[in-house]
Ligand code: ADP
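For reference, the chain that follows is the form predicted alone, supplied as structure tokens.
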């Protein structure tokens, strides 16, 4: 990284959005800006961003029918706003990485492989490939790094990866992979930075509770299990995803409702979860304001908390106990009442919350006497991507104090 004031650009592509951030390389990494292009493919597409101080700046409207056109708009905007030559590399969140265990420089061979495995995640991978190829076309010499969301879970034991279906499918790569890996990797680095001994030699449960929600069981710094499986639809009930379902439901709805595979996929990914149960909203904040007067909202909230509690219990069993529980992401970081309901009744695991600390969203919300430490840590996938890019291009460029 020989250019003066070198920067790293991070790209986090969703199904209809692109989150981005620009980091000044150094110790620590310094965020210059962060932003988002949302409603891609819909009306009202906007680019919004915040400056280095986190202050919102004027938004820009655009027409973007797909992620490629949105990426080209973003590149034009960055070239107009910054000296693009200072951008030394682009780091991409790639949701599915199959057997990849670490971030990798994007090559044509890797792109060909991502195209091949696109059916494993049709909601994300094709769009992420579009983003990589758009940058490659505009700046072919600019290094790009793929940061795989599944890589963190490659340490799971074989028994946690197996699906109980005919073995021939396992040979084709049909197994439990797990997701939210970039978030989990960041949280584990934060635990280590905070001096929590469980980060290296202990039993940790990480609860990434946002629009997409999952939990991970970590022992001695390595993922042992996670709630999401072959796809991000599995596991805990989420904002619009169902989480785990009886597989017999699909043929039943086909017989009784003439529901096609495509319609079933749409239902369990975009019409279920909190939205489906409440018939009101996919946003936990909306449901909490309505639960006292609407049984549908109350049941959706109760289901979410009940399932999260069950996953914590099952992971504690898999780990042989619990030393640290971490809440993160939108719901985990900002909803004290949800954290309290999830932890209520888990005293047998050594969990004891301090009510005032929890209400204040304090970094540690457990009591001093609690055998298990309960923490709230704000996750940062973009920073994790930037760290990964620096480490793969120039080992030692970033330390853990950023």
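Just so it is clear, the structure is predicted and the values come from calculations on it, not from any experiment. Numbering follows the first chain given and starts at 1.
Same protein, other form: the form predicted in complex with this ligand, not shown, and the subject of what follows.
Partner proximity in the predicted bound form, defined as non-hydrogen atoms within 4.5 angstroms of this ligand, places exactly one of 279 to 287, 72 to 80, 226 to 234, 107 to 115 at the interface: 279 to 287. The contact residue chosen from 211, 272, 307, 86 relative to this ligand in the predicted bound form is 211, the criterion being a non-hydrogen atom within 4.5 angstroms. Listed residues 313, 330, 126, 202 were compared with this ligand in the predicted bound form; 330 is the one with a heavy atom within 4.5 Å. This ligand in the predicted bound form is approached by residue 335, whose closest heavy atom lies within 4.5 angstroms of it.
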